[in-house]
Ligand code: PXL
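As a starting point, one isolated chain is supplied in C-alpha cells, in the form predicted alone.
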Amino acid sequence: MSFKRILTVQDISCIGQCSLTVALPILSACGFETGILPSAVLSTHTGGSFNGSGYTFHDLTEDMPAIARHWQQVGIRFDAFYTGYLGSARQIEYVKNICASLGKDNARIIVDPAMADFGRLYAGFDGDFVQEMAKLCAIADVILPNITEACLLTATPYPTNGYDEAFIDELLRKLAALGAKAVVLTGIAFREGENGVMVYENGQKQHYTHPLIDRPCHGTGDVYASVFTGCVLRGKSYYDAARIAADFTLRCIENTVEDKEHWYGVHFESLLPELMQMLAE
C-alpha cells in the first residue's frame, strides 16, 4: 500500500464521537496521513440531550480560503478528499475549489452529503443548500447518501409509507445521473429487522444486508463513511468497502448498546483492532 495523504472536511464536535473526532482516528488507523479542514467547532454535537442545552458553535467559513491558500503556497497536495457535514452553501463552493486546486492527479473525491434524515433537512439548511450539495456530488467519485438525502438531491418525494425495490432502483439511477461515478445508498430496509446498503456502479447494483439493532446512535453515519473511505483508499472495491463499513458500524453499536449512559455516540475506539483485521481479509 502506497502512503497516501487525505483531506477530510467537516465539523469538530469536541464531545460526541462524530464528524472529525471519528474520521481522524479511523482514517489514521487505516494508515493514512489525515489532514483536516474544520468547517466549525462545537462544544458538543447537537443531538439528543445536547440539543438546546447551551452548546457553543464557532463558524470557520471565513478561515477556509486562507487555509487553502497557505497549503497551495507550500505545495501541499492530497491523494483523496472526503467531505462530511458542511455548514453552508459557501463552504460547499470552497470545498469544490479545494478539490480542483489541491488534488494530485486522479485524486479520489468521496462525498457524504450529510444534511438530512428521517424525511427532513437538518436545522439551518434549505433548498439552495441542497442544490449546491448536488453540484458537489457531481464531481465525486462516490457519494454516500441515506434515503432522505437521496430524495432531496433528486427532487423525489420522500416515501413516508415505505418503498419497494423498484423505488430504490429508480432512486439509484437518478443519483447516478447527478454525475458521481458510483453511489452507495445507505439505510435500506426491505424487511423488518434488517438494514443494508446498495452499491450502484456502471449501471450494476449490489445489495448487502445485516441485522438491525433498533437503537438510535449518533455518529454512526460518520463511522460508516470514514471506514468506507479508508477501505477504498486501501484498494477495496466499493462493494467490499460498503460491506466492511456496515459490519464495523454494526459492531460499534453492539459494543455500545448495553451502556445506557452512553447515548451520544458509539464505542468505536476499542474496536479499531477489529477493523484492521477486517481490512486484512
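Source: prediction; values computed, not measured. Each residue number is its position in the shown sequence, starting from 1.
Heads up, the form predicted together with the ligand isn't pictured, but that's what we're talking about next.
Using a 4.5 Å cutoff between non-hydrogen atoms, residue 219 counts as a contact of the ligand in the predicted complex. Within this chain, residue 122 lines the site of the ligand in the predicted complex, having a heavy atom no more than 4.5 Å away. Looking at residue 46, you'd find a heavy atom of it within 4.5 angstroms of the ligand in the predicted complex. Although the partner is absent here, residue 85 is a contact residue: one of its heavy atoms lies within 4.5 angstroms of the ligand in the predicted complex.
For the options 246, 68, 233, 42, the residue carrying a heavy atom within 4.5 angstroms of the ligand in the predicted complex is 42. Stretch 219 to 227 is the contacting one of 30 to 38, 219 to 227, 248 to 256, 233 to 241, since its residues have non-hydrogen atoms within 4.5 Å of the ligand in the predicted complex.
For the partner-free chain shown, 11, 13, 18, 19 of 11 to 28 come within 4.5 angstroms of the ligand in the predicted complex, judged by any non-hydrogen atom.
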